[in-house]
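Below, in C-alpha cells: the form predicted on its own, a single chain.
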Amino acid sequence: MSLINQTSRPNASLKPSSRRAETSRVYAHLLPIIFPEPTYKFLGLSLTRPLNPHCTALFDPLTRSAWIPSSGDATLLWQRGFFGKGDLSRSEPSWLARQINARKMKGKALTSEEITAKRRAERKQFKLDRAKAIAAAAAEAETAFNEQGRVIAPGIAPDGTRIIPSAATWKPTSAPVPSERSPLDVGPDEEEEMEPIQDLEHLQLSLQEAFFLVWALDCLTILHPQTNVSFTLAEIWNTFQNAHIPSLVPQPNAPSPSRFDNPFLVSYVAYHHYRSHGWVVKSGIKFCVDYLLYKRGPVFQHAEFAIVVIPVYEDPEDQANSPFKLQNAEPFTWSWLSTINRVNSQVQKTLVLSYITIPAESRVSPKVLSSPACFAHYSVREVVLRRFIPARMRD
C-alpha cells in the first residue's frame, strides 16, 4: 500500500517553501489522536472529545510484528507519528508508487528509494568517467614522453583546464537505459489496456509500536493470525512476551513466564520512555543501535540521537538465573563502544547509553507482571557519549 499519492505527498512542482508548508500540513500530528480546538466549555472544562481513530492489525508471530492490511489505516499511522515501515520499502511504504513511476516514467514525484538509486547510479558513472579520464591522461603523457621526449602534466589541457573531472564539476551525460521497453513508446490505447498494479505492500509495526498504540493510545486492535478474533489486552500482554521466548512453534495466547527481564518488556520501557517525551522513535539497526530519535520525523530532518539500550539487573542473582541472554547486559569492551560512537559521529548523531534498571524479584513480587502496571518499577538513566576530537574541540 503506497502512501505516496496526490493527496498525501507534496507536489513536486511546488516551490521549496510551498513543499515545506505542504509537508508540515500533512505531518502536523505526532500521534494518531488529535485534540481539536475546544468549541464548548462548561465551568472552564472543554466538552470537545479528542479524535481517536481505530485501526486494525494482524499479529505475525514469525516476524514478531503486527501487519496493517488496510491502506487507510497505514496512511493514518504513518502520517500521524511515523509508526511502522513498509515491508517492501526502506521506511515509508512506497512500493506501489515506485511501480507506478516505473511504468509511467514521469520522473517528477520520485520516492526516497528512487532518489537514492539515482544518486548511486550517478556516483558509479562518475567513478567510471574519472577512471577513463585518468587512464587517457596517463597514456597521453607516456606517448608524449616516448615520441617527443617532453614531460607534460597529466590531466591538464594546453589551455590550463583540467581534463580529469571532479565531483564538483562533473555532470551526468546520459541516463541509464532501461532493460525493458520504455513506457514512453506505449501508445495511449495500449496504456489504457494495462492492468492495474496490485499493491503487495503492508505496513509493518514492531511489537513495541503495536503495544504503544494498543495500551497507551487505545487506537489499535490486533487480530489473531489464525482465527481473526481480536485479542484482549491481557492476551496481547502474554502474546508479545511469548514472542521472545525461543521455541520452534510460537504459541499466541499461551501464558508467559513471569520475569522482569523479558526482552519485550525491557525494549518497550525504553520505547515508551522516549515516545512519552515527544520523540519519534524508529529502529536504529542501520547504525548499530537500538533506536533513533527524531524531533519531528524522518521527512523533516535526520535523527539527532542514537540510543543503545543497556539492561542493568538490580539483583545479580536474577541475571544468573535468567533464561534470557539480553543484549548488552554483559560488560562491553571499549573497542565496541568506540566503534559504535565513531559510526554515529560520522553521521552527525549523538550516542546515548540508555540504562534500563530491571527490578529485583526479591524486592518486587512477580504478581505485578500480570499487567502493564509493572512498568512503574523500571527506571531509565541516560548517559550521553560524545567522541573527543582534539583538533576541533581545543577551544
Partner chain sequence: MQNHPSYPVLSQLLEKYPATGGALFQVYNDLTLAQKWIDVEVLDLPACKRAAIKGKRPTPDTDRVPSICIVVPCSLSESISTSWLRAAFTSLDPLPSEIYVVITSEDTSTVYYKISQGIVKPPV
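Positions refer to the first chain, counted from 1. Because the structure is a prediction, the values reported are computed rather than measured.
The discussion below concerns the form predicted in complex with the partner chain, not included here.
*Asks:* Taking heavy atoms and a 4.5 Å cut-off, does G86 contact the partner chain in the predicted bound form?
*Replies:* Flag for G86 set to yes.
*Asks:* Evaluate S65 for contact with the partner chain in the predicted bound form, applying a 4.5 angstroms cut-off between non-hydrogen atoms, and reply yes or no.
*Replies:* The answer is yes: S65 has a heavy atom within 4.5 Å of the partner chain.
*Asks:* Applying a 4.5 Å heavy atom distance criterion, does S283 contact the partner chain in the predicted bound form?
*Replies:* Taking the distances in the predicted bound form, the answer for S283 is yes, it comes within 4.5 Å of the partner chain.
*Asks:* Tell me, yes or no, whether R80 is in contact with the partner chain in the predicted bound form, where a contact means a heavy atom of each within 4.5 Å.
*Replies:* Outside the cut-off, so no.
*Asks:* Using heavy atoms only and a 4.5 Å cut-off, decide whether all three of R98, Q226 and Q327 touch the partner chain in the predicted bound form.
*Replies:* Every residue of the spot touches the partner chain in the predicted bound form.
*Asks:* Though the partner chain is not shown, can you say which of I236, L207, L213, A303 has a heavy atom within 4.5 Å of it in the predicted bound form?
*Replies:* Exactly one residue meets the criterion: L207.
*Asks:* If the cut-off is 4.5 angstroms on heavy atoms, which of these, L128, A320, I115, A139, is the one near the partner chain in the predicted bound form?
*Replies:* None of the others qualify; the residue that does is L128.
*Asks:* Since the chain is shown here on its own, which stretch among 86-94, 140-148, 216-224, 269-277 would lie within 4.5 Å of the partner chain in the predicted bound form, judged by heavy atoms?
*Replies:* In the other structure, the partner sits against 86-94.
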